[in-house]
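Just one chain follows, in the form predicted on its own, and it is written as C-alpha cells.
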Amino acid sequence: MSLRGFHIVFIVFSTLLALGTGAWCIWVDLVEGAPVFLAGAVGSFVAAIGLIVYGVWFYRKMKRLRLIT
C-alpha cells in the first residue's frame, strides 16, 4: 500500500473513531447527565467534520495531480 493510500485509510478510520466517540459521549451524557460529555460530543463531531473536509480535499488534490486514478 502506498503512502497516499495509507493516508486515505487513516483519515477514514480517524473519522469513524471521531464519530463513534461523539456517539458514545452523547450516550454517556443521556445516561449519567454529565454535561462535560456533551462538550466532548460536540468536539468529536467538529473533529469528524474537519476530517471529512480534509479527506475530500486530499482526495481531490491527488485526483487533480493524477496520482490516484
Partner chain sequence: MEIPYTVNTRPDTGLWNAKVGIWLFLASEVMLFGGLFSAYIFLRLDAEPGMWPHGLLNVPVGTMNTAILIASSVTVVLAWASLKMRRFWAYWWYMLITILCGITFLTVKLVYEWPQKFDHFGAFIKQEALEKYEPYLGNHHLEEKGLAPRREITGHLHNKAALSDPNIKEYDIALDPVNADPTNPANDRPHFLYQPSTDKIAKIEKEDVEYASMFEPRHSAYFASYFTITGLHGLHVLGGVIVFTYFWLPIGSKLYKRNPEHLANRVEVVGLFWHFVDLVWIFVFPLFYLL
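Predicted, not measured: the structure shown is a model, and the values here were computed from it. Positions refer to the first chain, counted from 1.
Beyond the structure shown, there is the form predicted in complex with its partner chain, which is absent from this document and is the topic of what follows.
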Quiz item: Is residue 42 close enough to its partner chain in the model of the complex to count, meaning some heavy atom within 4.5 Å?
Solution: no
Quiz prompt | Contact flag, residue 17 vs its partner chain in the model of the complex, heavy atom cut 4.5 Å | solution = yes
Quiz item: Do residue 24 and its partner chain come within 4.5 Å of each other in the model of the complex, heavy atoms counted?
Solution: yes
Quiz item: Within a 4.5 Å heavy atom cut-off, is residue 48 in contact with its partner chain in the model of the complex?
Solution: no
